[in-house]
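Let's start with one chain on its own, the form predicted alone, as structure tokens.
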């Protein structure tokens, strides 16, 4: 059985929390560390939520948390560009997936003294190129580390990223962008052009691999702490998506647990039933399409000088996934 050395990068809300629960439960994952980042909430809250999840399942002595970037690279410098970042409950009307604090007990755990960016550089540079990054929030921490020490790009075995959208967005003026990439599009662009092996799980796919209420109830009935926590988060999401289902093409019987699909796909690549290599860039213009992922599936691209050149296939884009297999992997992990 292959064992994966993993660092997770999270902006912990409810779906990140389920992904963390799965990773901590898996015998195939050696979770080296967890880095928090501003995203679903401000950095203080995402860090606290991360610590709550780890503490709740009794992993505080094993899994260390490194506090990351408090703001995107540049997208908040113009206050009109991202006026709602950092997020908080004051921006929502009660129908919201995360809340400021996860529905778990308070924790006395603290993050490590070393910041996430320094942790990435030190850990990757000392590695043998055998570490996989699972990044399920804005990519600010990783982009900063790449800019500070470009050699880490050659040290990353693979990045499995939840981000981007082809059609089914949830952010930006036109709702075409996906939140993680929209929140810090410059960071996403740095990572996309890094030359690293990238497997990208977009919103279009996570919206079609929902976890159902009966599955959540089975997790809860297992009596495990992880099962209880996962069910709590999933049930909250299902309740909210019942309101939002007209806006997104989601399964009415459940809700997407976006970030958890990345963990399942690492453990069993057959969960991803269709993957296509493509060229992806970010719109960082600040205009109507700001934060939208620009995808080219063709073998050639035409640059601004009018010349056709081979398109660099920088992303392995997941196009379809097996919902039932995903749900089984999640269930097997959180109920063990």
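Residue numbers count along the first chain shown, from 1. Quick caveat: nothing in here was measured; it's all calculated off a predicted structure.
Just so you know, the form predicted together with alpha-D-ribofuranose exists too; it's not on screen, but the next bit is about it.
Though the partner is left out of this view, residue 98 does reach within 4.5 Å of alpha-D-ribofuranose in the predicted complex, counting heavy atoms only. Proximity of residue 180 to alpha-D-ribofuranose in the predicted complex: non-hydrogen atoms within 4.5 Å are present. Shown alone here, residue 187 lies farther than 4.5 Å from alpha-D-ribofuranose in the predicted complex, counting heavy atoms only. Although the partner is absent here, residue 146 is not a contact residue: none of its heavy atoms lies within 4.5 angstroms of alpha-D-ribofuranose in the predicted complex. Listed residues 240, 170, 127, 224 were compared with alpha-D-ribofuranose in the predicted complex; 170 is the one with a heavy atom within 4.5 Å. Of the candidates 211, 263, 116, 162, 162 is the one whose heavy atoms come within 4.5 Å of alpha-D-ribofuranose in the predicted complex; the others do not.
The stretch among 254 to 262, 225 to 233, 67 to 75, 152 to 160 whose residues place heavy atoms within 4.5 Å of alpha-D-ribofuranose in the predicted complex is 254 to 262. Residue 203 is the sole member of 184 to 211 found to place a heavy atom within 4.5 Å of alpha-D-ribofuranose in the predicted complex.
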